[in-house]
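The chain that follows stands alone, in the form predicted on its own, written as structure tokens.
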Amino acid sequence: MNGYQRVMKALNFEPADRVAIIPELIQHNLEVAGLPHDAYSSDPNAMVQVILAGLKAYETDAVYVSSDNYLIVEAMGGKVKLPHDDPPVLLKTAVDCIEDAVNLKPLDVTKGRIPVILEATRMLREKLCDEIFIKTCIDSAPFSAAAAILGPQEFMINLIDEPELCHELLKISTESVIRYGLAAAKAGAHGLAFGDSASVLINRAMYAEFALPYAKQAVAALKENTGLPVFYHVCGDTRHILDLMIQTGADCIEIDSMVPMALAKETANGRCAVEGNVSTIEAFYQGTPEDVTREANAIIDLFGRQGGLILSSACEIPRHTDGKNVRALTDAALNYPY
């Protein structure tokens, strides 16, 4: 059984030879490949080289095609700086006020660095075919994309002061996310992923009004028009919105370490797969291979071989994490005593 098959078995709640693993590797792969961040974030050839270096080192079931969370805002008029060997930095949002934001046109996928992600996806699909699952990040879910377009602080203030205008911006960001996802699917992605970490900053009622409907619309459109699974990630303690995250219709929700995996499994109750959630800091960055193995085994204990689980880090693994700790996740899956 190959990596692509394992991931699809997990998403479809079907038995596999072992649990599927997709650690969230972006910057750490730069350490493995020895390439600088500016090349990775702007050149599809460098991006592919870095991703394949991580795949070779850790033998994961999927590759994660992602750079940063500023691709949509950059393509819609924002300004981004690419430091030589640090993550991209947003220097200027796409607009300065909510009144200007609602006059924006939806995303043009030929703008900014979005073609870098699309071309890297195409190159990886050509090389990996259907052996390794290609999980392409389409930046952000609509709520977080809107927050980036206007600026998080300004957006949060206007959720209270100008809610109707925020809804108009959210319609634009939803259409933009859908366009990006359709382009990624056409480029060869096996699955589409987006994050909605800004939404953890609002309460449950506001999430239900401003985040959920638009994430749900984007997920439905992407699934209907591409047939691909969609992954939905929210960083932090999401216990207050966990059941609402499942209502987005995503095929897999990604769980941070603050949320007990048993609770995530119980809440999902077979409606979607769950990805996570070995501690990014305590186990991977500060811990030992034994720490990673212990947490991984406890998660696998909950699910067994019957699908519904993708074993992963709770969030992105820090760049300077010891490679032995990252490798321990793969070894935990390989050596788990079913």
Partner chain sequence: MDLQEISLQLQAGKAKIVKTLVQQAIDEGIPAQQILEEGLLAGMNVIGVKFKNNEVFVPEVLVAARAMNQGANLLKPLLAQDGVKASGRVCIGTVKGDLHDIGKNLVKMMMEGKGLEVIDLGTDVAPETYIQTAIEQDCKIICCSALLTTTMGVMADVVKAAEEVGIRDKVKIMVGGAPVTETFCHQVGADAYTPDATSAAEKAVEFCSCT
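Numbering follows the first chain given and starts at 1. Computed from a prediction, not measured in an experiment: that's the story for all the values here.
The same protein also has a form predicted in complex with the partner chain, omitted here; what follows describes it.
None of 245-253, 116-124, 99-107, 81-89 except one has non-hydrogen atoms within 4.5 angstroms of the partner chain in the predicted bound form; the exception is 81-89. Within 4.5 Å of some heavy atom of the partner chain in the predicted bound form lies at least one heavy atom of Pro152.
Shown alone here, Lys9 lies farther than 4.5 Å from the partner chain in the predicted bound form, counting heavy atoms only. Taking the partner from the other structure, the partner chain in the predicted bound form has a heavy atom within 4.5 Å of a heavy atom of Asp161. Although the partner is absent from this view, Val200 contacts the partner chain in the predicted bound form, with a non-hydrogen atom inside 4.5 angstroms.
Of the listed positions (Ile157, Ala208, Ala220, Leu165), a single one reaches within 4.5 angstroms of the partner chain by any non-hydrogen atom in the predicted bound form, namely Ile157. Of the listed positions (Lys111, His240, Lys186, Lys171), a single one reaches within 4.5 angstroms of the partner chain by any non-hydrogen atom in the predicted bound form, namely His240. Residues in 125-139 all lack a heavy atom within 4.5 Å of the partner chain in the predicted bound form.
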